[in-house]
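First comes one chain, alone, set out as structure tokens in the form predicted on its own.
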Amino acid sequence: MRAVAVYPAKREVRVVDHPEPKITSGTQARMRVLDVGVCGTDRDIVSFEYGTPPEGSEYLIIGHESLSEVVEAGPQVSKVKPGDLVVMTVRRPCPHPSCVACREGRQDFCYTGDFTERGIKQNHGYMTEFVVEEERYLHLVPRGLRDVAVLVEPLTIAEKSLEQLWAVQRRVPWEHRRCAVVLGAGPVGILGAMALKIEGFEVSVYSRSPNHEEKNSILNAIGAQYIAAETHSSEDMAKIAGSIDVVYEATGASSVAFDVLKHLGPNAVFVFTGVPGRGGPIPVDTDEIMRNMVLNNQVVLGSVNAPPHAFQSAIQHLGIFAQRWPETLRSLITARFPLERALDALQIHPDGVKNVVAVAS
């Protein structure tokens, strides 16, 4: 079968012929891959910044944002059946008995770092024609979400962030106006803005987007305001947004993030989800940030990967988005590319939001 593979040692990316997987356990299912979303992680991997093939393989099949259709199920599989649509999780637990998080199914909080990740670290991904997976890593998707379900995995980033936000903010009363600022107008940022709107926040998106008009139309449709970083300083943004209760960072741009960090309101939470590249040092007023955090009871947390229940929450929220903003949600998928043109999908398209590799119709 065809697959998109990166060869880190050779610094090559190409479509390869990969052996078609077969069910080897009664608890596994076999899926035909329909859609695979392209994100910044994939672009970093094909730029050879990271990405580790499975042991014994010289290449890694990329792709971790997926939608698939079940074509075969093992005799012990009860949650899904052939014809069902499923989204698969990304991270697999480490093998160490001492890692309580992985043993409890919370490999997103793995203590050892010896987890594997589909399409990223030591485990082939989904940008291929067929995959086999254990039932516990499959999440059933309603047929009505077929066109947009590939957005589930990037939405889980916001779902886990919201879970941690609510856990932290049990400490304070929330009877006042809730203001959230999202940093970044890419897919993760826009989906995060949608989730925050559903949770009752007034949302502003602060971004250096090259296409203000397109992003404005999307954000206007969901009732969020766009604030352009090119024409508004972080001080300007804070005045427009008002007292900030939550910042949801979805850019990986540390200079912007630490600039905005200074403008958190009392008892606020700043959530980092982006991973910066290896840039040079930036000046940061650490005294001001530390003073504000102590005197205003502020919290900064980082969030990566997502647990299984975040996938369920994302599927439920996506259904709400599809009912409330159907055309806007579909517009997040800018273009679909066939598998043979996957390398085109991996290029950065400044005017777009989300590229998808349509492996099968």
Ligand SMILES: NC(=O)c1ccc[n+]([C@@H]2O[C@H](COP(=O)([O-])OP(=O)(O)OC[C@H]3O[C@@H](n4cnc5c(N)ncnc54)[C@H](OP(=O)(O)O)[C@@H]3O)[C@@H](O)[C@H]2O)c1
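This is a predicted model, so every value here is computed, not measured. In this text, residue numbers run from 1 along the sequence as written.
The same protein also exists as the form predicted together with the ligand; that form is not shown, yet it is the one meant from here on.
Engineer: So, in the predicted complex, is residue 181 in contact with the ligand at a 4.5 angstroms heavy atom limit?
Structural biologist: The answer is no: residue 181 has no heavy atom within 4.5 Å of the ligand.
Engineer: Is there any non-hydrogen atom of residue 273 lying within 4.5 Å of the ligand in the predicted complex?
Structural biologist: Residue 273: contacts the ligand in the predicted complex.
Engineer: Classify residue 226 as contacting or not contacting the ligand in the predicted complex by the rule of any non-hydrogen atom within 4.5 angstroms, answering yes or no.
Structural biologist: Heavy-atom contact with the ligand at 4.5 Å: present for residue 226.
Engineer: Can any non-hydrogen atom of residue 79 be found within 4.5 angstroms of the ligand in the predicted complex?
Structural biologist: No, residue 79 is distant from the partner.
Engineer: Give me the residue from 188, 141, 264, 138 that has a heavy atom within 4.5 Å of the ligand in the predicted complex.
Structural biologist: Spelling it out, the residue with a heavy atom inside the cut-off is 188.
Engineer: Select from the listed residues 102, 246, 87, 157 the one whose heavy atoms reach within 4.5 Å of the ligand in the predicted complex.
Structural biologist: Going through each option in turn, the one that passes is 157.
Engineer: Which of these stretches, 252 to 260, 123 to 131, 79 to 87, 280 to 288, has heavy atoms within 4.5 Å of the ligand in the predicted complex?
Structural biologist: Only one stretch passes the 4.5 Å heavy-atom test: 252 to 260.
Engineer: Going through 294 to 310, which residues have a heavy atom within 4.5 Å of the ligand in the predicted complex? Please give them in sequence order.
Structural biologist: Heavy-atom contacts within 4.5 Å come from 303, 304, 305.
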